[in-house]
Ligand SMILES: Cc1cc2nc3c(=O)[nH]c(=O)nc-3n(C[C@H](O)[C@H](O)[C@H](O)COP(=O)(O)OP(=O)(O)OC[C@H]3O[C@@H](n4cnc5c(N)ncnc54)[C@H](O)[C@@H]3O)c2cc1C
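Below you'll find only one chain, the form predicted alone, shown as structure tokens.
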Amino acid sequence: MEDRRGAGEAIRCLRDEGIGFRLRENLRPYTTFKIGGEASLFVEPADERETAAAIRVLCKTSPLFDLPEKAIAIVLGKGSNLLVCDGVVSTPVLFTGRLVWIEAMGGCEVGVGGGTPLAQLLSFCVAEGLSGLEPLSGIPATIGGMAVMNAGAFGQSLSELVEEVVLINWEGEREVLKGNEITWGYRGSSLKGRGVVGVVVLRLSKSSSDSVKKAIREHQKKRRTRQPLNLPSAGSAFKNPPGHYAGELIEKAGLKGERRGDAVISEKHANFIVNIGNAACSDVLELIDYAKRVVFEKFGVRLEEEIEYVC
């Protein structure tokens, strides 16, 4: 927010709308990587109405901000796949941490607020005996973020369970999209860059609480065995190239343990870059570039980041 007029106008409008916000908010606690600088403007709407109102405010003031084309705000949930730059993030950050609710909608359909953590939804599924999400357990993400990224694990993707998505677009309007109207891809969807996911309706299956709980524990045990969950990271650093596993390529290239500052390619799983202390964004970027270069030189395979970069 280099332009003081833009900042002042946005702040005044947000106050008039009763929408919570903070200035110069440290973003490290909001990401699983524990890396990053400050948000010049951090907006925290309490519900769908406030989300739409906040977007309209930012739309009105965005000509006075130095924003990329069509970008009104950076949407932040659990920050589980984000690498935030070390300095000040000038683009407003819209935090979904208060858009948290779960509602049984009849049958096995469940409506979930976009900011609801997966762990909270899984607890609900155990209590209600609803199955389907167990393979995804352990992903430290919100349901809205998982829908945008089409999060997946152990052969299952969230898209297989999505009945409907309510999107607050960058005009502050409410769009209702059926699951089959959304284009789903590997770690991506047509929801990306279109606004804020306010609601995801999931179609689950009836089971017993004990069965759901047991399956969750089994999948979480697999994660603990295979992944460095004891250290801050952004999850998988790279997408799996067609016909390959990114971690296997990085390991075969001899890059396990490679270090820049406090950023290290994990000894446990080579597709994880972990923060062993006070890693900077620049440290991680150096490792990403190095891994891409070495893997291409050795195997002729181009790695593509799964981590999203925010600045």
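The first residue of the sequence shown is number 1, and the count goes up from there. Nothing here was measured: the structure is a model prediction, and the numbers come from that model.
Keep in mind that the form predicted in complex with the named molecule is not shown, yet the notes after this line are about it.
Heavy atoms within 4.5 Å of the named molecule in the predicted complex belong, among the stretches 120-128, 84-92, 214-222, 231-239, to residues of 231-239.
Remark: Thr32 counts among the residues lining the named molecule in the predicted complex, judged by a heavy atom distance of 4.5 Å or less. Interface residue remark: Ala153 is counted as part of the site for the named molecule in the predicted complex, having a heavy atom within 4.5 Å. Contact check for Gln227: a heavy atom falls within 4.5 Å of the named molecule in the predicted complex. Contact between Lys192 and the named molecule in the predicted complex is found at the 4.5 Å heavy atom cutoff. The partner is absent here, but in the predicted complex a heavy atom of Pro140, alone among Pro140, Gly179, Gly132, Gly111, sits within 4.5 Å of the named molecule.
Residues Cys13, Leu41 and Val57 are none of them found to lie within 4.5 Å of the named molecule in the predicted complex, as judged by heavy atom distances. If you take 180-199 and check each residue for a heavy atom within 4.5 Å of the named molecule in the predicted complex, you get Arg187, Lys192, Gly195, Val196, Val197, in sequence order.
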